[in-house]
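The form predicted on its own is given below as one chain in structure tokens.
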């Protein structure tokens, strides 16, 4: 019984994601110009990106903890959370691409013209470089220290690329470059009843996957040191 109680948040993750998927397709959505039924992607694309950002924050915090404590467990947790965050980022980019094709036209109309899309691509490249950097350093402590410092730089750049720059320039995304946000697009209470559970569900799922990868890394380290 204690095992099930201890892992309640994992079951909650599954319930919330299942709820978001089912209701995301069944709930009545506002008939808005251009968006139409594609607004249902609000329950998938946006929550996945929110979850990615939260996972990157967890990675950053653990990187900073490593710098202050030297505990390798913080480094392991930092890199695994970043790894899951990047996978979520790729899923978010894929769902965003589908959405953009239906609402903004051909790829050439938005891929190189929208600053948030470009910022997302640059931000992903920054974190890909993070993993390349880790793989190029053999000394464990040196790798952990340099990675933690780079993580601070990478997170700051990612935040600037996808949150700050699009708000300073013209952007196709809602809430950026003078475009109205989803609140102005009739983000009513019915949509919020699906949107926020989806954010929580995907975030918990990411943490769950990251914790599994973290435990696997601990086991591998134990076998290598024995």
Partner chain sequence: MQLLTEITYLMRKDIKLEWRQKYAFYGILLYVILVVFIAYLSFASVAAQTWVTLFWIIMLFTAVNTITKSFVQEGRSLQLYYYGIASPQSIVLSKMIYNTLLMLLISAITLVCYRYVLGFPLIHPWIFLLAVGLGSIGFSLTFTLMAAIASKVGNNMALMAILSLPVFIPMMLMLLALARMSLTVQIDNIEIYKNVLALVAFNAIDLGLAMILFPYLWRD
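Numbering follows the first chain given and starts at 1. The model shown is predicted, which means the values in this text are computed figures rather than measured ones.
Below, we turn to the form predicted together with its partner chain, even though it does not appear here.
Task: residue 53, heavy atom within 4.5 angstroms of its partner chain in the model of the complex - done: The answer is no: residue 53 has no heavy atom within 4.5 Å of its partner chain.
Open item on the list: in the model of the complex, does residue 102 come within 4.5 Å of its partner chain, counting heavy atoms only?
Closed with: Result no; residue 102 lies far from its partner chain in the model of the complex.
Task: Distance check, residue 83 to its partner chain in the model of the complex, heavy atom within 4.5 Å - done: Flag for residue 83 set to no.
TODO: Considering only heavy atoms, tell me if residue 145 and its partner chain come within 4.5 Å of each other in the model of the complex.
DONE: Yes, residue 145 sits close enough to its partner chain in the model of the complex that at least one of its heavy atoms falls within 4.5 Å.
- [ ] Look at the stretches 154-162, 189-197, 39-47, 23-31 and give the one with heavy atoms within 4.5 Å of its partner chain in the model of the complex.
- [x] Going by heavy atoms within 4.5 Å, the stretch is 154-162.
Open item on the list: Let me test this: is every residue among 67, 125 and 133 within 4.5 Å of its partner chain in the model of the complex, going by heavy atom positions?
Closed with: Yes, each of 67, 125 and 133 comes within 4.5 Å of its partner chain in the model of the complex.
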